[in-house]
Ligand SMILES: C[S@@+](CC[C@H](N)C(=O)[O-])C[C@H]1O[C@@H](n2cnc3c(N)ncnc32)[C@H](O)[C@@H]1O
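Below, in structure tokens: the form predicted on its own, a single chain.
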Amino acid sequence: MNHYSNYIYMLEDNAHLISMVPVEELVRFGYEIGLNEDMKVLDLCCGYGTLLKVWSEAFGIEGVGIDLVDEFLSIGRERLKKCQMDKVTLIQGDVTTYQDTCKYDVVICSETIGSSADTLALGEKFLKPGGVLCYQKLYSKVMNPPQELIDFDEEVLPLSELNSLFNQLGYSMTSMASDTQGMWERYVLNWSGKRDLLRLKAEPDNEQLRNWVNKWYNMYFDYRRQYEGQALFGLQRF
């Protein structure tokens, strides 16, 4: 690959992340938590399975991803097939009822299921002793986020409060990979915006949908852009 081909390949992976943390930060994060070809990684709510794809290419890990949305998984499987990758398996299913006898070196909780405590307890079920629990979570950039943001995203805690919560649950934060403004813009305007535009074209008289799209953009420009971040946190037991 030439320089631009490499760049476009990275953009393609970024475009298939349901996350505001870019590929290069995810690779750094994987390096910091010591990923290698002997490790197995489980991603709960994996979306397209892009994080597993990136880590398998970079570090040789074996990965399993679970998600409910068949559209995401179908695209993810096609991307894996195109890259001739056979170390990542994507499974359609509900993460809350998923059963697996395997214990994993790393478990990723890509979405919050119920509360943060519930989410981490779910991930812990599949984690080897001494393993790394990775939690993708929105956070507030300010100590007192606007009520409008709390109402929109439910739980948006500042980093200090998130760290205290992790400590109360018995975890130490040992790694962190943060969002970028460009990834927010890609997610809100390009990934979500294009999907909503297709729906609006198909349902031009759907006033409820049009109101939601307006709210989505207004929340980003008025609140999320200024006050909200997202990160992938690496957590280990005390």
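Just so you know, these numbers come straight off a predicted model, no measurement behind them. Position 1 is the first residue in the sequence shown; the rest follow in order.
From this point on, the text means the form predicted in complex with the named molecule, which you will not see here.
Checked against the named molecule in the predicted bound form, the residues D153, D105, E111, E124 give one hit for a heavy atom within 4.5 Å, which is E111. The single contact residue among E161, D100, D94, E71, judged by any heavy atom lying within 4.5 Å of the named molecule in the predicted bound form, is D94. Annotation: in the predicted bound form, residues S116, L165 and L235 none come within 4.5 Å of the named molecule through any heavy atom. With the named molecule omitted here, the record of contacts in the predicted bound form names 39-47 of 55-63, 204-212, 167-175, 39-47, defined by a heavy atom within 4.5 Å.
In the predicted bound form, none of the heavy atoms of S140 sits within 4.5 Å of a heavy atom of the named molecule. By the criterion of a heavy atom within 4.5 Å, L17 is counted among the residues contacting the named molecule in the predicted bound form.
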